[in-house]
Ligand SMILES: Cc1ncc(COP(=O)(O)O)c(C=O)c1O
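Just one chain follows, in the form predicted on its own, and it is written as structure tokens.
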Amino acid sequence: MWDVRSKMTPAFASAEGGLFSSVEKADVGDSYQTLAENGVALMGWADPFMPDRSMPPVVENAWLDAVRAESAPHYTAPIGNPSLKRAIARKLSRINGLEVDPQRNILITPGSDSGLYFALLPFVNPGDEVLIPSPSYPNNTLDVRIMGGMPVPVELDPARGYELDIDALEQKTTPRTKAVVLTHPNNPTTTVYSRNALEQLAQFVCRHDLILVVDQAFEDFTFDNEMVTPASLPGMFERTVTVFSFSKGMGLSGLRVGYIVCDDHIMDALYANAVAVIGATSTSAQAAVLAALEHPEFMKEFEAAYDRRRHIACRILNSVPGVHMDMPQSGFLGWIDVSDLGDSSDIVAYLVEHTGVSVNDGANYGPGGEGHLRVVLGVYRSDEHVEDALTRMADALRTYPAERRRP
């Protein structure tokens, strides 16, 4: 048989999508959906209240009106709906400390994943090195590899709460270093980086003449710690590209709307290439998220649910000997240290088989992730459903077979 993969770039030639091998990542192939068909509780997909109803009536009505409008089957300009961009500019001023021109500094994207890829694309040449604090969102690494760049993980210290370590970044910096990619708040650790650490990062980026790409998909719900937008720090707007999402905070994952914010000298190049790389975002979906921006009151219910669930998860999982979970600082994720029990990949498979609960293997999140589990606490509308799944997990981890445990 002809080896077509020999014609592919290295990043694609080495990739596995589940057609010829078993792939356990939740966002690859269809094996994850198959688990749901078999009654497994999916607590590894960061989709708020999935699979239950979560869209507020004000957003649903705006969406349905937009679908019925004559414009529904037609393109919006690839750079985005002007009314939506004006609403985003008001939000950026109110929440992020950014004063921007909606027609020069905002680009609407078909979700934040495509936005993250597009944000990196102008800057990563083959052989360029990109620093990535780790554990980290897997696409930070994958996107760089697809572009022919060299992802350079910079492992964060759990003893320091996974806070940024500028000395560690300095040690990994070389003449080939081009950029830093930061997920803030961090996915999977939920860390909300401190103002002091971000100010040090800003000085580091300027000192080495780097680009900073920031994914702020989980910015909407932070607990206990101040949420600082790095692009708002002195000297950083002109060298920072920030990617935002309507999926996590507003629970509108299926609408596939995100946006990029940056200096107009960067944005001009993005505008020029938007239609070739990402195309136009759904016309009706943009109308729906505009309504969500104008009527964000429903997010208070989401925040209260996530706050309850982080306390429930810590109470249940920290009762298990050999298991530790810090109180989540943001969003609706939990980062669980099971390294005293054994291999995290084995534990993930064990939980599916013996508890009917599927979580994420921390090994997929880069150096520092092995020995951990990522659990999505924001799934299902019912707190009781989530608590029941966590209890089943805890019972299984408490009796995890001795022969599988680390010596």
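Numbers follow the displayed sequence, beginning with 1. In this text the structure is predicted, and so the values were computed from the model without any measurement.
The protein also exists as the form predicted together with the named molecule; that form is not presented, and the subsequent description refers to it.
Could you check which residue among 330, 240, 141, 187 gets a heavy atom within 4.5 Å of the named molecule in the model of the complex?
Only one option qualifies, and that one is 187.
Report the residue, out of 218, 302, 335, 162, that has at least one non-hydrogen atom within 4.5 angstroms of the named molecule in the model of the complex.
Looking at 218, 302, 335, 162 one by one, just 218 meets the 4.5 Å heavy-atom criterion.
Just one stretch in 146-154, 209-217, 279-287, 162-170 has heavy atoms within 4.5 Å of the named molecule in the model of the complex, so which one is it?
Looking at the partner contacts, the answer comes out as 209-217.
How about residue 324 - does it come within 4.5 Å of the named molecule in the model of the complex, if we only consider non-hydrogen atoms?
Outside the cut-off, so no.
Residue-level question: is residue 229 within 4.5 Å of the named molecule in the model of the complex, judged on heavy atoms?
Heavy-atom contact with the named molecule at 4.5 Å: absent for residue 229.
Whether residue 91 contacts the named molecule in the model of the complex should be assessed with a 4.5 Å heavy atom distance threshold; does it?
Result no; residue 91 lies far from the named molecule in the model of the complex.
Decide whether residue 199 counts as a contact residue for the named molecule in the model of the complex under a heavy atom distance cut-off of 4.5 Å.
Although the named molecule is absent here, residue 199 would stay clear of it in the model of the complex, with no heavy atoms inside 4.5 Å.
Within 4.5 Å of the named molecule in the model of the complex, which residues of 110-125 have a heavy atom? Give them in sequence order, or say none.
Counting only heavy atoms within 4.5 Å of the named molecule in the model of the complex, the contacting residues of 110-125 are 111, 112, 113.
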